[in-house]
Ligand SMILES: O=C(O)CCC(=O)C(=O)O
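Let's start with one chain on its own, the form predicted on its own, as structure tokens.
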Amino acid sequence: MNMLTDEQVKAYREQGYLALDDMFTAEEVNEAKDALRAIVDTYAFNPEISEYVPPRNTNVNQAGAIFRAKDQAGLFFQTESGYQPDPARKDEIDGHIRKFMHFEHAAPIFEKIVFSHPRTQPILRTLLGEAPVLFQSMALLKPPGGVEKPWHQDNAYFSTGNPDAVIGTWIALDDAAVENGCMHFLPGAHRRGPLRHHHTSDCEILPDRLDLSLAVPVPLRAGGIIFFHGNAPHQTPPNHSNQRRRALQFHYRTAGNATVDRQTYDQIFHEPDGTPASCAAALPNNL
């Protein structure tokens, strides 16, 4: 069953994103927040089932401490840069988490949202044109003081053979506003194709590729969702409020849209002059 109107499908195709409020119930939202907290309580400073990687002394966004699960492949969570977790104050760690990765099997609520939710799965099928296949899961928990995620295209991080057959979903677990770091988009910019990225404190689009006067904030109530094209440039500002801005983010592809090697992706994800545009291609010495 198609949950979207023809106008909504057209808006997604033209703008590169579609925001819908009230897609998840308050009970689902609260269950998801509780499940994220349970992951922290389970794995933080628990050497029997997790590995602790201390924070790095750099100014990059990914320099925070990492807790990596030993019993669930790929699952880890990371604190904001500059925060030093203390095993004597484990109850504080949850309030300083930056992101989770690969947690889709950590609780039944995540499996429902990712694989079988009756409202979102038909929309994904409509926008992709066939059944969605999950290939990345993240939770983004911008705490008070959480830093900016600069302008980027998610496809710059990936290596699928068809970047046009990639869709991201961003689900608000708290009310997301400009003050606490809601999503911002450049409407229609996904149609420009790949834009060259470089590395600063994060991987981001070269500034001269963007006209930020066209940027649009997309506030979202808790329980809302944004569907967005893998080439859609987007950004979240710092959290200047005293409220967390928790969100779940999942990326889907079509079944035939397999991962390719880096050399092949450089020939797919490039600017019009042929310059590779991905985050990997922008690494020093292209390593």
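So that there is no doubt, residue numbering starts at 1 and follows the sequence shown. Since the structure is predicted, the reported quantities are computational estimates derived from the model, not experimental observations.
Keep in mind that the form predicted together with the named molecule is missing from the display, and what follows is about it.
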Stretch in contact, per heavy atom within 4.5 angstroms of the named molecule in the predicted complex, of 186-194, 211-219, 72-80, 137-145: 137-145
Exercise: residue 100 in contact with the named molecule in the predicted complex, heavy atom 4.5 Å: no
Contact label in the predicted complex: residue 154 to the named molecule, heavy atom within 4.5 Å: yes
4.5 Å heavy atom contact, residue 117 to the named molecule in the predicted complex: no
4.5 Å heavy atom contact, residue 149 and the named molecule in the predicted complex: yes
Residue (of 257, 61, 50, 249) lying close to the named molecule in the predicted complex, criterion heavy atoms within 4.5 Å: 249
Interface residues of 219-248 toward the named molecule, as seen in the predicted complex [heavy atoms, 4.5 Å]: 234, 236, 245
